[in-house]
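Taken one at a time, structure 1 and structure 2 that follow are two forms of one protein chain, written as structure tokens.
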Structure 1
């Protein structure tokens, strides 16, 4: 059997015990290993083992059999604290093992306690918290937008977790824009639109992630429009996330776009240096690694436009350290992250220099960078320049917008997110961007 089955069994067990019992006893059990017919778990003392065996063995075996469709043997071993993997890690896991199995719809790590709040996301975070505490009471809908990897999904899941805990009776529906569309299409094909409608329109809390992806999909937009109206009229809470603000969802029907603006719209901006540092510190604390300040600073300086990148750099460093068993030092970090960091020591690069270099590379004039022209051959290099400005300088998206002929910061965010996506998915493009980056740095 797989560890996944064990977790599923825990969920079923949790449904039948009180929170107290589950937390005091079941949560102490640590998964060790398993094969086809049996599972080995550990607890930290004989006493715990005896109590679990006496009171809970029956239900554990029952649930394991249920999930695996056959009898599974369980072997409980006693492992004193020091021998168990990392106590810190074990603690983190047990905290995440929540009572209500619906928590598993969401990423268990995406909770409010783990969301670092700073200038770039304070409105979005505060509003999300309020909505989670009092769904349906404040703004409807709540619309969060921002670039890739900045915490939109994290906030959405945090709302879900909180509502499950605070209002267990509420029906929660979480879906991405894309899955909503697929569900819609399948329901039409199967001729079960009634149950589709019932499902969405009955939700007390409707969470739709990345709603921008339904742009231009006629039928889906229409269906969401009607869903919106029903849920809204019933005063049930809706939360949407998107990579751009409603007014820039150009291919959305007007009536749907205007509804998205009925409630509260909040953006998440890329984090500034201090915030990147505190995010890293928080993540280091959560795992049990020792990371010196110089290394935190180094990572915070090198990964400046996306929290997911920041995180993966840190995890890569941890993985590297586990492999080489050396103390984490600046030198080790540089070695571990050398593939990820192509940009180093880039103090004081000006936006002006970036604009000139990019204009030159794409054969457009420098003044086009600041113009309002929207033809693709100009808009695209301009977006790349915005992306590089964010990546290579410390300017905020508002400041960057100003340098591009007074563009709104949401335009800049959209540009960065668009280019970032292409950068991540398109190898040839990535090489081009890296070349441009080196050219800018050389001139500096």
Structure 2
């Protein structure tokens, strides 16, 4: 067993105890060591040990068994605090005791202060901060969607950290959609559905990441539907993240989809150049490396898909510099990142993929892309697909036309020109095109 299992068990225990009980007794337990069959923890006095053994041992063992899928023995030892400590150590211990252990459920770097806000995410960021400050008072549920690596999970964790600090008495539960499904299946197998339901329905703040993963899972959707109703009726806050908005989750039950739309839905778009540059500058400030402006611009221009790739490129540059012991220059950056950039090449993006993505986005059939139908609801998406094919591939206009049912190159040129003009002048449309572009690049 690992320490993370112990921390997860603490989180489950916190859901079933009052804040006073948890803070007075459970919070005094310190993790010492563990193996596959047992865990050793310590407390500062025999009195604390006796009270924990008498009142809380049963629930601790239950949650350890639930997390590890088997019975785990627990050894509680008395480890009195040394009276004489250096000033430095005393301060460290003082600081440590003030840190609520539930913070370890979340990524400690995912806080609001480290979330770069720009045009692509300002609504989602502002709403997340408001909800964290006043859970259950404004939008419920809060549904955030966007592509991979754009910051959805960061906001979810930031909400968790803030609520822990501002409302330590609140019971917080964070889980992914897939883990919720696995937990549901395990509860059926073990015959502990009542425990499963109490666990989720008693939460004051329910955070579910990647909720799209439960699509098509009938039993899981049914259970989440009833959990949603109970938590909502109790006016407790719920936050969900997904790769798509509720209306595009085709395999989701209609009644659950409609409930996801009851509150506020906010999307996160790929960051523009200025925002990417701002993110990189903040990351550089957090490290001890000197990175010229030309290098920051080069990375910002080369990695536009999502924030995760942007950060990965920067950290790879740092690792490369540590290996070769050379000053970071534009030439060094190009050498360090050439493999990452080549992987992101558009050479292997197919027109077929573009057609399927655009057709799905505009809710038309794939065959309409190659047909001669001229109705606006079909012709317009087809023109967008032609525009993207020219933008994302090396095919000529003649070759693109052939892939669209034998259209001649002048038809393709007209489509590209028309869409390009709308792209330049219509910001809302430009955001849609960038979203489609990101989806195509992520799946090629």
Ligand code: ADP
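Rigid core (definition): largest C-alpha set, two forms, superposition within 1.5 Å. Numbering follows the first chain given and starts at 1. Nothing here was measured: the structure is a model prediction, and the numbers come from that model.
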Which of the two structures shown, 1 or 2, corresponds to the form predicted in complex with the named molecule? 1
Checking residue 265 here: with the core superposed, does its CA move 2 Å or more between structures 1 and 2? no
Is there a C-alpha shift of 2 Å or more at residue 361 between structures 1 and 2 once the rigid core is superposed? yes
Using the rigid core as the reference frame, would you say residue 74 shifts its C-alpha by 2 Å or more between structures 1 and 2? yes
When only the core is superposed, residue 392 shows a C-alpha shift between structures 1 and 2 in angstrom of 6.0
